[in-house]
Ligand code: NAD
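The chain below stands alone and is given as structure tokens, in the form predicted on its own.
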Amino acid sequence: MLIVPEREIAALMTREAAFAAVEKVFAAMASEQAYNFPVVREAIGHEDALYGFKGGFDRAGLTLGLKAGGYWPHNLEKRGEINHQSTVFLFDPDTGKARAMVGGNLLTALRTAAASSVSIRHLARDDAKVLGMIGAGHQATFQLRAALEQREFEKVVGWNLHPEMLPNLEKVAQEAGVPFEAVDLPGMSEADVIITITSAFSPSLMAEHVSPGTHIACMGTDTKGKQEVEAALLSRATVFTDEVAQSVSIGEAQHAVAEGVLKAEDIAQLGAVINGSHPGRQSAEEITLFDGTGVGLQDLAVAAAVVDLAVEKGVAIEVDF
């Protein structure tokens, strides 16, 4: 079995490689060449942590495995560790034997950012100029870097429940040479693209905050009860997702479906747009929304790519298992 430690990931996986892996697996899902297993995600009753498993099988890429991990909200303040912790395990689909164990923390951030940037590439207006960010935590910086590569953005506007964290976003914007402005939530109406990346259980972005023609990537809701945007916003938008079953059960769409303003059959897979079987955005006034629930196949795709790179560069650790 091969081990690729967390410390090696940054030198192996790029944003471009993560984007390619996620885009490819979304397309495979939409063409029914890959499928995810049901998600297990539970509050463990210790350290306020959420822990679970996401897995799947990609027949096209012959990638089988799971990611184990979750969210420990007190890690940063208590231990100086990031709050999201995870490990990816890959198995040989021919034999079932363990193939690799891969550090999943940076990969999770990169694949989550890749998913939203794939949605921006395929659904945002070509002339999008203002990027809005809701959330300013650890993952928000990855989201912003990846998003800025998808359009010629001329400005970033940001809001966070704790405004003292907004300099995290401002620093990334400045590095990219793009002006940054802190705004209140109504100020999001200026944005052509909005990314929400919080761990909220009540909505912050309301339908009235969003202008016609905006693309929204909702990336924080991945558990029953979480919610970042008002359900009424989904009723105004054309809704896309990574996987419909997760979208309606643990994703942002769970609330709109529960309120009866959206049906599962109204939601399209982003992979269908990538494959060309769905037209995607059909007008400059249309609001598009990507419900990024985070599927196990994303993790497996980027982990498999990292294993190949680690072997190529001679940094994979081989153990007898």
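Throughout, we count residues from 1 along the sequence that is shown. Values in this document were obtained by computation on a predicted structure and should not be read as measured data. Rigid core: the largest C-alpha set superposing within 1.5 Å between the two forms.
In what follows, reference is made to the form predicted in complex with the named molecule, a form of this protein that is not presented.
This chain is displayed without the named molecule, yet in the predicted bound form the stretch 288-296 from 57-65, 268-276, 288-296, 28-36 comes within 4.5 Å of it by heavy atoms.
Residue in contact with the named molecule in the predicted bound form (any heavy atom within 4.5 Å), chosen from Q139, Q85, Q150, T238: Q139.
Contact annotation for K226: at least one heavy atom lies within 4.5 Å of the named molecule in the predicted bound form. The named molecule is not drawn, but in the predicted bound form it has no heavy atom within 4.5 Å of D192. Taking non-hydrogen atoms only, H215 never approaches the named molecule to within 4.5 angstroms in the predicted bound form. Contact check for K78: no non-hydrogen atom falls within 4.5 Å of the named molecule in the predicted bound form. Annotated contacts: T14, A17 and H122 are all free of the named molecule in the predicted bound form [non-hydrogen atom within 4.5 angstroms]. Residues of 89-127 placing a heavy atom within 4.5 Å of the named molecule in the predicted bound form, in sequence order: T108, R111, T112. Annotation: Cα of P73 displaced by at least 2 Å between the shown form and the other one, core superposition. Positional change of I287 between the shown form and the other one stays under 2 Å at the C-alpha, relative to the superposed core. Residue displacement note: A28 has its CA displaced by under 2 Å between the shown form and the other one (rigid core superposed).
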